[in-house]
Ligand SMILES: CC(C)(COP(=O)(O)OP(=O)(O)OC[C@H]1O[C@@H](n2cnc3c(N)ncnc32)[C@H](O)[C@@H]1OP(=O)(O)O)[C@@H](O)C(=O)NCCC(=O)NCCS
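Here we start with a single chain on its own, the form predicted alone, put down as structure tokens.
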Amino acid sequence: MSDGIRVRSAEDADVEEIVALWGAAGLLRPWNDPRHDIAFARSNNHSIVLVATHDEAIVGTAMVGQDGHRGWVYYVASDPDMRRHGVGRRVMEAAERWLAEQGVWKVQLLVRSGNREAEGFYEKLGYTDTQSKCFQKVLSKPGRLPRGS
């Protein structure tokens, strides 16, 4: 199945299909506006939204960014009906390749506590648990995108 999977950067016409996939994959949270997240990631050259397609349908995603020191991967999703067909692996390979092309040598991601399936997936790809805690402070509600976007 993975032979028919192609990975490319997201386009404007993909947004609603991406949001629907994130919903089906259980990634949406009421405090995050997925359309804003997509637009923000696509508004600069430090991040990208990748989509995996199969028969023209979006079956996987990864939002990838870099901060000048590390790469980060968010919103890794695969269509629940396409799991265990190589979609996640292909989109993660593309994310890692994009980061390497940016000169980034380390990639990190966050996994929600208790998500054993995701932990196992990333461990199979060579990721290790850093035993770190992630702290957060909300500076403002998401709003307008930076000028020039």
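A residue's number is simply how far along the shown sequence it sits, counting from 1. Everything numeric here is computed off the predicted structure, so don't read it as measured data.
Here the subject shifts to the form predicted together with this ligand, a form of this protein not shown in this document.
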**Message:** By the heavy atom within 4.5 Å rule, which residue out of A100, V111, L28, A57 makes contact with this ligand in the predicted bound form?
**Reply:** V111
**Candidate from R70, H46, H36, R83 lying within 4.5 Å of this ligand in the predicted bound form - any heavy atom** = R83
**Fill in**
For this ligand in the predicted bound form, the stretch among 37-45, 62-70, 113-121, 100-108 with residues bearing a heavy atom within 4.5 Å is 113-121
**Item:** Contact label in the predicted bound form: A52 to this ligand, heavy atom within 4.5 Å
**Value:** no
**Request:** Examine L125 and determine whether its closest non-hydrogen atom to this ligand in the predicted bound form is within 4.5 angstroms.
**Result:** yes
**Asked** According to a 4.5 angstroms non-hydrogen atom cut-off, is V87 in contact with this ligand in the predicted bound form?
**Response** yes
**Residues within 4.5 Å of this ligand in the predicted bound form, restricted to 62-78 and counted by heavy atom** = V76, A77, S78
